[in-house]
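Coming up is one lone chain in structure tokens, specifically the form predicted on its own.
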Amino acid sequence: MKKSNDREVATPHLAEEWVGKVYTFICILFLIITIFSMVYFVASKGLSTFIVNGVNVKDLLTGLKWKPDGEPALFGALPFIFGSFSTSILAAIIAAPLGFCAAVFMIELSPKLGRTFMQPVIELLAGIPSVVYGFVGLSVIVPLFRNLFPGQGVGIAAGALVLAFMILPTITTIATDALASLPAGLKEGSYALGATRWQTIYRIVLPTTLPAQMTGIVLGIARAFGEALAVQMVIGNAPHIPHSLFESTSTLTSAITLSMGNTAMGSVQNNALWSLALILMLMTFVFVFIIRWLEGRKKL
């Protein structure tokens, strides 16, 4: 009688376990199919520019002129690639010191004030839509640069500053987690040897957490590299390589969003835009590999 009751109790749990396994397998299979389908679709469209339309890969990657409607048509994407890299890297250069200092303040200097005041502010920045960042940049940063520097105010500097505020929460959050997970024995040993708080921070804490800090920077660059709307509003969208930070230029995402709706599916102009999307996707893979490599170097 007792064995019969045990079987009745075990049967529902066994069924629940199988339902959980099947559901998990279906979700994983759906994710895998979705990812491979997206990669295949973008790659097939992007490669059509070279296979079907006969555009030279070297001309696309190193060409300086983008005139898809010209005679002959020119598909030089180097200005867009340069604009994407320059704005993303400059944004990381601006945001990284701010994020590190904010993390040090919240964890090492004033944890109570940092967690009650600064952390909610950082989280609030992460929740602001990109169009708001772009509108603020267009209303505040662009006129400010127009009054202080030569030019119209739009350009790499304006785009990088807007992106810096957008990626600041990412860099700060990862830096904060890295500092919070640091073993207390490292700092205590430094204090025991007579080091001051600042000596411990810049000689022990920051070097030890450097791989995690670099992971945050790369994640920030990846976020900035794929941003479209906010940058599009303040960068000027001129398809040429600028000679200063205050000249108008364009990015890969801006070129795609501005032109995709004006091209016919399957045309050489449309395929060229898909080639730009393929470059974006490949750069995303590169950023992911860099992040994995940095995570493998973490030794805490």
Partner chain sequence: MKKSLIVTMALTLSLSLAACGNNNTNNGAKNGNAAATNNATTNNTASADLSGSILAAGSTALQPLVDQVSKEFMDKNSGVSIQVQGGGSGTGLTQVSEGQAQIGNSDVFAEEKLDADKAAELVDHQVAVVAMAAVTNKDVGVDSLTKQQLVDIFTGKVTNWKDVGGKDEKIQIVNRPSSSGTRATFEKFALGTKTEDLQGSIQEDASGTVKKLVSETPGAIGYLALSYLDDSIAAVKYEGVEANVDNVANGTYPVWAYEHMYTKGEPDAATKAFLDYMVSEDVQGDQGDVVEMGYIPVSKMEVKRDAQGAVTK
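Quick caveat, the model's predicted, so the values are computed rather than measured. Positions refer to the first chain, counted from 1.
One more form of this protein exists, namely the form predicted together with the partner chain; it is left out here, but the text below deals with it.
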item	value
Residue 262, heavy atom within 4.5 angstroms of the partner chain in the predicted complex	yes
In the predicted complex, residue 135 touching the partner chain (heavy atom, 4.5 Å)	yes
Touches the partner chain in the predicted complex: residue 199 (any heavy atom, 4.5 Å)	no
The partner chain contact in the predicted complex: residue 26, any heavy atom under 4.5 Å	yes
One stretch from 104 to 112, 181 to 189, 145 to 153, 208 to 216 that, in the predicted complex, holds residues within 4.5 Å of the partner chain by heavy atom	145 to 153
Stretch 187 to 208: residues contacting the partner chain in the predicted complex, 4.5 Å heavy atom cut-off	none
